[in-house]
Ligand code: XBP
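Heads up, the chain below is alone and in the form predicted on its own; it's given as structure tokens.
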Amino acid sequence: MSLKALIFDVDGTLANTERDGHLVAFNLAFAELGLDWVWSNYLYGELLNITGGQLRIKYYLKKYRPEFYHSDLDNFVASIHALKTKIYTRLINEGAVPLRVGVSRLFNEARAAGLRLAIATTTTPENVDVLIANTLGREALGWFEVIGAGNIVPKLKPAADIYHFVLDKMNLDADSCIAFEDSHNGLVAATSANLKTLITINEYTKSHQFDNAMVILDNLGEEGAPFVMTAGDATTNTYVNVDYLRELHAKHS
């Protein structure tokens, strides 16, 4: 079966949103609310093993602030997360979080080649919209046939629900697609939906296990700025373009 579509995770895959956006926004939200919580880069790397911002806060409280009490914890955590999202949006609007190497180029090349594009993420739809609009332009939101985001499915990654949702909306078989992820949880979600998966690691995920990935790269690369491959079949390609994706897809079919 030929390659027909590319499905992208967002946080950590399209941009270093975790380090440069979400972590900064969490700490600013805590400070604005008068909370003496400060998440270090190291701690945030641990917290990222918990999918979803509100669940991340609850995990932090249970493990690191067991003495903390609030009579309506669910709504309190939701209010923190809402403020954090508002701050994150402001940071993105200020241009604080650019796309990762090769992302914009690959989008354009894929569109020119007639490949269909989609997004499968557990971040909120608002976070997706603001990132795309402020890096590629608002019209770029129309490039994606389906934007599967937020809690529109019962279970978040590492469950495969969001990928099943996207595949169903696109009326595509998993065999005709490639997923792009950056984390172990993302890889588990994608491969559980039978998707061939390309991994681009970042500082938080470089030590993760990616046993079922087609290839593990440090980024998508650019002409003259080659990617570094951690694992995968040897190739003469030095950056991820449509020809390379078709090569990978054919090898793993």
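In this text the structure is predicted, and so the values were computed from the model without any measurement. Counting begins at 1, following the sequence as shown.
One more form of this protein, predicted together with this ligand, exists but is not displayed; see below.
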query = Can you check whether G52 is within 4.5 Å of this ligand in the model of the complex, heavy atom basis?
reply = yes
_Against this ligand in the model of the complex, would H81 count as a contact residue? Criterion: heavy atoms within 4.5 Å._
yes
Can you work out whether T124 and this ligand are in contact in the model of the complex, taking contact to mean some heavy atom pair no more than 4.5 Å apart?
yes
R56, heavy atom within 4.5 angstroms of this ligand in the model of the complex: yes
Among 193 to 201, 216 to 224, 30 to 38, 43 to 51, the stretch whose residues bring a heavy atom within 4.5 Å of this ligand in the model of the complex is 43 to 51
Within 10 to 30, the residues having any heavy atom within 4.5 Å of this ligand in the model of the complex are D11, E18, H22, F26
